[in-house]
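Below, in structure tokens: the form predicted alone, a single chain.
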């Protein structure tokens, strides 16, 4: 598999699966990630949290109640207790028994099949955030995935921290809602390698700017053919989607040469 840098330079368009195929399977589970890979997603976006005993797990919220049958704060729960929870039944009965995976388990699943987009939560939201980032980066390096991973965040100070830990790490600055700066100004301010924004923030000024400065970029969240058409109109290079299979199929149909 090409390194992330080579892939970005050589690939005109790709789909990033938001927490896996989270529109069709419970988010941030092995089922959702496996489905996304099977459906053609070239990159998997995930979130991470730490347990009470410092296991790094793939999970979005600070609390357990929305996507498991548990309750309370994940930081105050041991991994042994966490792995007993059902992280799939809330979505659909056929996913009952899905567990909260560890980061290393997800890396084992996607290695050689897809790239990793790791969203870093704002540092101010968690007093343990710096340690969490360092631990996650160490696990990624242990799996030889550092050349296949991009770290994305709305907190651009967190991206600077990533670069301090590993100057060769790839980062993507997500546009803070309300920030009217051009993409080149945003990435320059934090040393990021790429830029992302909401589909609602797409403008000609932004698309012209990324092209002029050759900045890799993507938008979120694209779940319908109509949204994909808008993204392609602006020349977007990648899209984050809860429905990676639908979006990749639609893109392939739009770009496939007509049958003779």
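Residue numbers count along the first chain shown, from 1. No experiment lies behind these values; they were computed from the predicted model shown.
Although it is not shown, the form predicted together with a small molecule is what the next lines describe.
S.K.: Within 4.5 Å, heavy atoms only, which of 230, 60, 211, 52 is in contact with the small molecule in the predicted bound form?
M.R.: Spelling it out, the residue with a heavy atom inside the cut-off is 60.
S.K.: Using 4.5 Å between non-hydrogen atoms, is residue 174 touching the small molecule in the predicted bound form?
M.R.: Residue 174: contacts the small molecule in the predicted bound form.
S.K.: Taking heavy atoms only, is residue 217 within 4.5 angstroms of the small molecule in the predicted bound form?
M.R.: Taking the distances in the predicted bound form, the answer for residue 217 is no, it never comes within 4.5 Å of the small molecule.
S.K.: Is residue 119 part of the interface with the small molecule in the predicted bound form - any heavy atom within 4.5 Å?
M.R.: Within the cut-off, so yes.
S.K.: With the partner left out of view, is residue 15 within 4.5 angstroms of the small molecule in the predicted bound form by any non-hydrogen atom?
M.R.: Contact check for residue 15: no, nothing within 4.5 Å of the small molecule in the predicted bound form.
S.K.: Since the chain is shown here on its own, which stretch among 44-52, 187-195, 29-37, 201-209 would lie within 4.5 Å of the small molecule in the predicted bound form, judged by heavy atoms?
M.R.: Checking each option against the 4.5 Å cut-off leaves 44-52.
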